[in-house]
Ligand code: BGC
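This document starts with one chain, in the form predicted alone, laid out as structure tokens.
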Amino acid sequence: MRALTVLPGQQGSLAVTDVPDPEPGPDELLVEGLAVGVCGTDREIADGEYGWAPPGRDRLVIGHESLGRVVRAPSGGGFSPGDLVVGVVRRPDPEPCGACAHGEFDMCRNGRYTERGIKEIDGYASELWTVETGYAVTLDPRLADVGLLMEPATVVAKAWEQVEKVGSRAWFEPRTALVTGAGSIGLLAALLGVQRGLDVHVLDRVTGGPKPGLVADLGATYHHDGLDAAVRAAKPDVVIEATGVGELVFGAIGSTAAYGIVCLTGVSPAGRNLTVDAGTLNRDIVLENDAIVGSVNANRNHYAAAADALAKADLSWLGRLVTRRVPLDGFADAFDSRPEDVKVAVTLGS
């Protein structure tokens, strides 16, 4: 079968290669790959910035934003041929830390976890793949065209869970939320904020393309004239930061209303220096009882929450998040980021 593979650490090595058909184990599903989403992590792996091949192998099958249809399932496992499924990305470490042992492998404390398509386990960008039944999640059949949004939706489902857990330290009744960044993570974060009944504002720098309309059709407010103007309009109780841009990260931290919460989901590049008034920032955080939390990855509970959120969303709106679909042989186009992109998909079928 064909798969999209890379030599981790070697720029320009991304290629469609022939790999052996997978053989499912006794507790595994055999799945026909339908599509994978492409995100910044995939592009960084393709650029040779990181990634780890499975032990004893040179090449890694890329792809962690999965979507597939079950071909074969073990009896009694809760799955049937034809089910629409996605695969969980992370696996706990072999000698579980406390978090991994409690099913919270997204909070692994020793870094020995592995990840499909990223770290030491093949991903989902192949015509067939296998997944353990305990790491497969069934999707509503109506999501067949947009189910590849499931993994990024799990990231924001976890982010909102973290916000709510931090908020529960005292009385917490947020009314407004600001999301910085209108990529797939930001727009899905806005969706989940609207589903929570919040007045949601989204900040991005573009004025054209699909993003302003996608935000408006959520019933949210789109801003493109800088963080200060967005903050004045939103007066946010909660900020979900989805860009990783240093100026926005520190600006977001200092922008919430009293007893505000900032959840950071974007990963900033290293090596860039900023001048920050650390004293004023610290003073505001302390005197306003503010909180800042980082959030990455997701566990099974977040997959369930994301599946529920997608099932409740408007399907035509979700479909507009997938701005380009590229066949497997044309994968290079999918890794060429364009300003109008929200989510680009690589289709895996013939």
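None of the values given here were measured: they were computed from a predicted structure. Quick note: we count residues from 1 along the sequence shown, nothing fancier.
One more form of this protein exists, namely the form predicted together with beta-D-glucopyranose; it is left out here, but the text below deals with it.
Asker: Tell me, out of 115, 145, 104, 132, which residue has a non-hydrogen atom within 4.5 angstroms of beta-D-glucopyranose in the model of the complex.
Answerer: Checked against the cut-off, the match is 115.
Asker: Just one of 292, 281, 296, 53 has a heavy atom within 4.5 angstroms of beta-D-glucopyranose in the model of the complex, so which one?
Answerer: Contact residue from the list: 296.
Asker: Which single stretch, out of 242-250, 220-228, 205-213, 150-158, brings residue heavy atoms within 4.5 Å of beta-D-glucopyranose in the model of the complex?
Answerer: Contact criterion met by 150-158 only.
Asker: Answer yes if any heavy atom of residue 39 is within 4.5 Å of a heavy atom of beta-D-glucopyranose in the model of the complex; otherwise answer no.
Answerer: Output for residue 39 is yes: heavy atoms within 4.5 Å of beta-D-glucopyranose.
Asker: May I ask you to check whether residue 89 falls inside a 4.5 Å heavy atom distance of beta-D-glucopyranose in the model of the complex?
Answerer: Residue 89: yes, in contact with beta-D-glucopyranose in the model of the complex.
Asker: So which bits of 63-79 sit within 4.5 Å of beta-D-glucopyranose in the model of the complex, heavy atoms only?
Answerer: Contacting residue: only 64.
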